[in-house]
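We begin with a single chain expressed as structure tokens, specifically the form predicted alone.
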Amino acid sequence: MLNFEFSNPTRLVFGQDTISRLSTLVPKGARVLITYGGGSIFRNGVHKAVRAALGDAFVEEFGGIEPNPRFETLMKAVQLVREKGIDFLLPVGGGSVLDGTKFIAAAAKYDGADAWEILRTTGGVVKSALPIGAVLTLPATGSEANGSAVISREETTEKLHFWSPLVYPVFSILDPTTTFTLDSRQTGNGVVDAFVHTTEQYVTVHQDSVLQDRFAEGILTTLIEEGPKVLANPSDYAARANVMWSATMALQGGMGSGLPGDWASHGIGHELTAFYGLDHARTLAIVLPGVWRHQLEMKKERLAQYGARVWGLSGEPAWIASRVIELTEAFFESMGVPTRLGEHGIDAKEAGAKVRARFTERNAKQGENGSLSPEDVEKIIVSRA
């Protein structure tokens, strides 16, 4: 196991009717900006509950944050924050709203000429940020319990991430009942997103990380068991609660401590989103099996362990490693998430060439040991036609 430090300062408030706790969690006298996405919080009653809990606090609102939050939109929120003297941010929504709000929190305090430097430097220029709380309504990204965010810039067709300890939410409210009205696409995407977050930290290289392995296997098994339940019965509280908690635990830092994360599927997937606007989880479902097949020999031991412990396979490690990729693809498909570019009408050769060119320009190599060159990435994408 590698040396590591682990700290997670976010207070997680989990369970039914916990939105009412906002009255004690948001600092007294705060000037609050509520951020949200397309407006589902008005239809499902969450907005009403949030405003009631905030009582007579000073509140402004900013909506329209996209599923892949855009720099251009978020800078409008930064301007509003500065104009209104906002000193506390409250995203109400899923991972995109939380990610976008983390950027707002950092950009509002950034005094440089171009706030895109926050992304270009992977957060290196972030020296201060506004405090954030969160009300989660779509479990998927784990953004409610980490300091990471991914932002897109329409002007340059880029999608980059940043991390800073200053943008961890102070608290996050996780009420599974807020997810009852999610449609099947959002639900399936969320399960796949959490699943791949877990495998990116688990199917890497052997590190004698016994506890982290069992942690990951528990999350994967739970998602396999509970994911189909939430599709079949969206109001199943127990299933929704287990999926929500799994998504949070998948990316709150503890499971990946001491491990070299892969993240190739994310790096490649971000470019597919930047070029074609695909949902994040759908890019992961396409790319992950291709990465595994391309690196089958290197990842054979870990894939065989995954197949044996999570899927109950037995036999020769090489056979298990190959078979479990097929089972993983089938699981994504069962959650309503396609695993091929052609199912989205995207030309795989064109996509491969675009991503190869971009990674060549950045001199970027992917994978836990940097073994995937831009040319390898192109081959992986072409294989997912």
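Here the structure is a predicted model, which means the values were calculated and not measured. Numbering starts at 1 and follows the sequence shown.
Same protein, other form: the form predicted together with a small molecule, not shown, and the subject of what follows.
Asker: For residue 67, is any heavy atom within 4.5 Å of the small molecule in the model of the complex, or not?
Answerer: Output for residue 67 is yes: heavy atoms within 4.5 Å of the small molecule.
Asker: If you check in the model of the complex, is residue 99 within 4.5 Å of the small molecule, heavy atoms only?
Answerer: Because a heavy atom of residue 99 falls inside 4.5 Å of the small molecule in the model of the complex, the answer is yes.
Asker: Any of the heavy atoms of residue 193 lying within 4.5 Å of the small molecule in the model of the complex?
Answerer: The answer is yes: residue 193 has a heavy atom within 4.5 Å of the small molecule.
Asker: Would you classify residue 336 as touching the small molecule in the model of the complex, given a 4.5 Å non-hydrogen atom cut-off?
Answerer: Residue 336: no, not in contact with the small molecule in the model of the complex.
Asker: To test your reading of this chain, name the stretch in 227-235, 308-316, 80-88, 144-152 whose heavy atoms come within 4.5 Å of the small molecule in the model of the complex.
Answerer: Of the stretches listed, the one contacting the partner is 144-152.
Asker: Are all three of 264, 322 and 367 close to the small molecule in the model of the complex, meaning a heavy atom of each within 4.5 Å?
Answerer: Answer is no for this spot.
Asker: Pick from 204, 242, 164, 137: which has a non-hydrogen atom within 4.5 Å of the small molecule in the model of the complex?
Answerer: For this set of options, the contacting one is 137.
Asker: Just to confirm, with a 4.5 Å cut-off on non-hydrogen atoms, which of 199, 179, 246, 172 contacts the small molecule in the model of the complex?
Answerer: Exactly one listed residue reaches within 4.5 Å, namely 179.
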